[in-house]
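Encoded as structure tokens, the following chain is the form predicted alone, with no partner shown.
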Amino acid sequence: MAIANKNIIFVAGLGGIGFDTSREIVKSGPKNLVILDRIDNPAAIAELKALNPKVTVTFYPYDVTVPVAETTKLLKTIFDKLKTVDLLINGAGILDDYQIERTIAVNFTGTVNTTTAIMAFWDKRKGGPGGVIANICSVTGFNAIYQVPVYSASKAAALSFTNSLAKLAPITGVTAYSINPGITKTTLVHKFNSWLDVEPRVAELLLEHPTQTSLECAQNFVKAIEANQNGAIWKLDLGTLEAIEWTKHWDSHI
């Protein structure tokens, strides 16, 4: 999908990977970039607007842990203004296995709820035009960091959800793919807690592995958006973009 002249909603578009990706998206010339994030950052929004004055960048405060009904209300405001939305990026995520409930709520439930809410506007069974969803998951979804099993499991759940969305596209008209970054230099990985303190040095040990910059990840993210491949499991690691096969693939016979 060419980004030029499209309307894009980016949940958590001001985070580490998120903000660099927002910059790359704005450079590609969408008509509208709507950023939904928990914390307002006027300086970041101003920077995005200055990058490409032809792009309308707007911000709405949003916590992905709110009920579906509240998300639907916010999306109605956005759809009433823009009329159409082409792409939803779900990018909210936390890495702290002390916060078990919140990790699941942000990394998995939030993705499910935001997706569920936008279906009211996109689902072709309701006369909607369809749309595209890009869910930011993680390589831990298929290759766990076992010292943070809650985080890894939440990302595996988000990945599985995304794969199902892709298979439901003939019914809903909504396509989906996952973005799975490898170890990326962001504040997320500088310091975090392992489950039950099984490895107090987990962040330090993780950063001993080769990493990529958030800019490298963002540039490949934009390439994945442009490829627009339903069901793709994109691995963004060490500055490369690779479509991988799901390790255990079978067709359900319900």
Ligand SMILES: NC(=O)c1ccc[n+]([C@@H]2O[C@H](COP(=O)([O-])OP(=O)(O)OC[C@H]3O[C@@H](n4cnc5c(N)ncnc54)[C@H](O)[C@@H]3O)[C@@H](O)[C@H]2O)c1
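Fair warning: this is a prediction, and the values are worked out from it, not measured in the lab. In this text, residue numbers run from 1 along the sequence as written.
Not pictured, yet referred to below: the form predicted in complex with this ligand.
Chemist: Classify residue 63 as contacting or not contacting this ligand in the model of the complex by the rule of any non-hydrogen atom within 4.5 angstroms, answering yes or no.
Modeler: Answer yes; at least one heavy atom of residue 63 falls within 4.5 Å of this ligand in the model of the complex.
Chemist: Test of understanding: in the model of the complex, would residue 193 fall inside 4.5 Å of this ligand by heavy atoms?
Modeler: Residue 193 lies outside the contact set for this ligand.
Chemist: Wondering, does residue 94 line up within 4.5 Å of this ligand in the model of the complex on heavy atoms?
Modeler: Yes, residue 94 sits close enough to this ligand in the model of the complex that at least one of its heavy atoms falls within 4.5 Å.
Chemist: Residue 189 versus this ligand, in the model of the complex: is there a non-hydrogen atom within 4.5 Å?
Modeler: Yes, residue 189 is a contact residue.
Chemist: Partner absent here, but in the model of the complex, which of 159 to 167, 77 to 85, 125 to 133, 102 to 110 has residues with a heavy atom within 4.5 Å of this ligand?
Modeler: It is 102 to 110 that comes within 4.5 Å of the partner.
Chemist: Pick from 17, 9, 233, 25: which has a non-hydrogen atom within 4.5 Å of this ligand in the model of the complex?
Modeler: Contact check passes for 17.
Chemist: Who in 199 to 223 is close to this ligand in the model of the complex, meaning a heavy atom within 4.5 Å?
Modeler: The stretch 199 to 223, when checked against this ligand in the model of the complex, contributes no residue at the 4.5 Å heavy-atom cut-off.
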